[in-house]
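One chain follows as structure tokens, the form predicted on its own.
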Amino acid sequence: MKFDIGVILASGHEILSGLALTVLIWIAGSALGLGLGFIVATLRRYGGPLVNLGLAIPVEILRGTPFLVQIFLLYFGGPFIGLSLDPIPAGLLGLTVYGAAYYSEIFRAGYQSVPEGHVEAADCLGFGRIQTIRHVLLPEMALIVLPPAVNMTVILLKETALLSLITVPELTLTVQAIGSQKYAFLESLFVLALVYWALVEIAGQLGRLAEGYFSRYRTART
């Protein structure tokens, strides 16, 4: 036996197809999770004690259980409650909800980081709630929430590998299938590690660029 990565790379078309699906699910799941997490955090801040408690319970459950268990329950357990989803929609929904739980806590911490006096000043100027969120809270907490939000987005990227277990034909399932067909198990793992490492580096670099942009934007505003 010898290590020959070319055995895997010869199936480049299939690998690119799996990679494209991974990136698509990751971007869509992260964007939807970010939006849903922001809505949850905002409702918990302004919805009153009952709303806060009602949303805190599912958030803690989602944060306290492994993503693998959640997607198994969603995909295999969903039909028992009338929710039958194909692998790709199930994977996207699972990633969105899982990410939203963490993003909501990031935004909630961001809300709490803004001095209360700034919110009171907005009230004195006659700002409505939406105006206060848009012009006061979001700009001030952007730099605070950005690093943990980028970190969570990177985590979601790596979690997409688990979607192969519910037969989503993303990068992991595709490369592992090629490795099994060609008896190149070590090579397939090496390619997977290399591609995921590259994606994580790209995501991290984009996050740093976003931090620099918001930092300059905040400086310009002040």
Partner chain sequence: MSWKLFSLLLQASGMTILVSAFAIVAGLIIAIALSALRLSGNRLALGFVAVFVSFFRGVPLLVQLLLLFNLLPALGISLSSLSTALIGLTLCTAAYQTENLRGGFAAVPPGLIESADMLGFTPVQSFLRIKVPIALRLTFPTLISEAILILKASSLVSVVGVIELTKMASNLAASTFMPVELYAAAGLIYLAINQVVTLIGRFAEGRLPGTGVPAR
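Given the structure is predicted, the values throughout are model-derived calculations rather than measurements. Positions refer to the first chain, counted from 1.
Below, we turn to the form predicted together with its partner chain, even though it does not appear here.
Participant: Flag Thr167 as yes or no: does it have a non-hydrogen atom within 4.5 angstroms of any non-hydrogen atom of its partner chain in the model of the complex?
Facilitator: Close contact is absent here: in the model of the complex, Thr167 is far from its partner chain, nothing within 4.5 Å, heavy atoms only.
Participant: Any of the heavy atoms of Ala203 lying within 4.5 Å of its partner chain in the model of the complex?
Facilitator: Residue-level check for Ala203: no, no contact with its partner chain.
Participant: Does the 4.5 Å heavy atom contact test between Leu50 and its partner chain in the model of the complex come out positive?
Facilitator: Residue-level check for Leu50: no, no contact with its partner chain.
Participant: Does any part of Tyr102 reach within 4.5 Å of its partner chain in the model of the complex? Heavy atoms only, please.
Facilitator: The answer is yes: Tyr102 has a heavy atom within 4.5 Å of its partner chain.
Participant: Though its partner chain is not shown, can you say which of Ala109, Val150, Leu73, Leu143 has a heavy atom within 4.5 Å of it in the model of the complex?
Facilitator: Here the answer is residue option Leu73.
Participant: Using the arrangement in the model of the complex, list in sequence order the residues of 159 to 192 with any heavy atom within 4.5 angstroms of its partner chain.
Facilitator: Those in contact are Ala161, Leu162, Ser164, Leu165, Thr172, Gln176, Phe185, Leu186, Leu189, Phe190, Leu192.
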